[in-house]
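Next up: a single chain in structure tokens, the form predicted on its own.
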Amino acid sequence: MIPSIRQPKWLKALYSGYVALFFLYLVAPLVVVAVFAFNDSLFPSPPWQGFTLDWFFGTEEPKLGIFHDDAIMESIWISVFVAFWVTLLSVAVGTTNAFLFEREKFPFKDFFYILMLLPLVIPGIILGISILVFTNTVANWVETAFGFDIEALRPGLVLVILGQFSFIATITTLIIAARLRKFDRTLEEAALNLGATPIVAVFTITIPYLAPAIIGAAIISFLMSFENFNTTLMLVGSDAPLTITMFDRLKEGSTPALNAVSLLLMTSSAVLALIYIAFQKKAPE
């Protein structure tokens, strides 16, 4: 629908209906999950049995709340731990990559740029399997040749972090590079003319300009890591992040406790998304 072109009223009404149905399709499942997180029933489905907060704060089975469920709380902290390191690595490497691809000229630059984008088009589960096969092959060879096992190359949190980092770093690179592309390099040149070294000019002029993109990339990295399932499933060990714990619980039978966890995730994601939008609006062009 192009606003500058006059359209018949029936077509506008049809388009408005389509937009309404589209957003209803997106929002309805989330609303249902949120509502039944407060249902006083052992099943996360109709009929409505009454309002309760037991699925959040309950202390006894069968209505053990998520804040008193040791397995759920431990998995949340594991997810936070993984997301923290994935975010730190992804933002650091993404910032470096942005300067590399936007500022430097080197042989096969386009090839390496395409290579960097590949993890985005590879299904997460395939990416996880590939990393698992590669690391296990290396670990088995080292153990056979030298007689010791490299635990970091076996399924566990280290592999989960590296697996998520392998594609999230690409996203941070694209976000930060897009802002770096708009930067006026004469500002750096002015700082150099005033006696600053190149590294000082970058950290006092360029990095502050990139701060909104860096913060936005960090928020997106944290959210993507925290909610990742496909790649994590292939690389996880005994310490399971939240998404894997929820998957295991679903196999045993769903309860409104999982709705409560989902509502917590939706709320946290919405808050971080609003923070990201706020930083983008305040960012100077």
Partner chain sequence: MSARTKLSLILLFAPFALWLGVLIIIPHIDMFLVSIREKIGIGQYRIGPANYMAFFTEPLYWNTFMRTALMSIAATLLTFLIGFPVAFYIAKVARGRLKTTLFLMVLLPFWVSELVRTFGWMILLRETGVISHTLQWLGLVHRPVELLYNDGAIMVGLVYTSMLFMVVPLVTTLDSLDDELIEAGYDLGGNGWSVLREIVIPHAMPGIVSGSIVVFMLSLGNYLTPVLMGGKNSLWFTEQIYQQFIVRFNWEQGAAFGFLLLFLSSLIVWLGLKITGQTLRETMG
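In this text, rigid core is short for the largest set of C-alphas that superpose within 1.5 Å between two forms. Numbering follows the first chain given and starts at 1. No experiment lies behind these values; they were computed from the predicted model shown.
Although not depicted, the form predicted together with the partner chain is the subject of the following passage.
Within 4.5 Å of some heavy atom of the partner chain in the predicted bound form lies at least one heavy atom of Pro198. At the 4.5 Å threshold, heavy atoms of Gly58 stay clear of the partner chain in the predicted bound form, well away from it. Under a 4.5 angstroms non-hydrogen atom cutoff, the partner chain in the predicted bound form lacks Gln280 among its neighbouring residues. The closest heavy atom approach of Ser45 to the partner chain in the predicted bound form falls within 4.5 Å. Every residue in the set Ser16, Val93 and Leu258 has a non-hydrogen atom no more than 4.5 Å from the partner chain in the predicted bound form. Between 204-212, 141-149, 67-75, 124-132, the stretch whose residues reach within 4.5 angstroms of the partner chain in the predicted bound form through a non-hydrogen atom is 124-132. Taking the partner chain as it sits in the predicted bound form, the stretch 104-138 comes within 4.5 angstroms of it through a non-hydrogen atom at Glu104, Lys105, Phe106, Asp110, Phe112, Tyr113, Ile114, Leu115, Met116, Leu117, Pro119, Leu120, Val121, Ile122, Pro123, Ile125, Ile126, Leu127, Ile129, Ser130, Ile131, Leu132, Val133, Phe134, Asn136, Thr137. Annotation for Leu11: C-alpha shift of 2 angstroms or more between the shown form and the other one, rigid core superposed.
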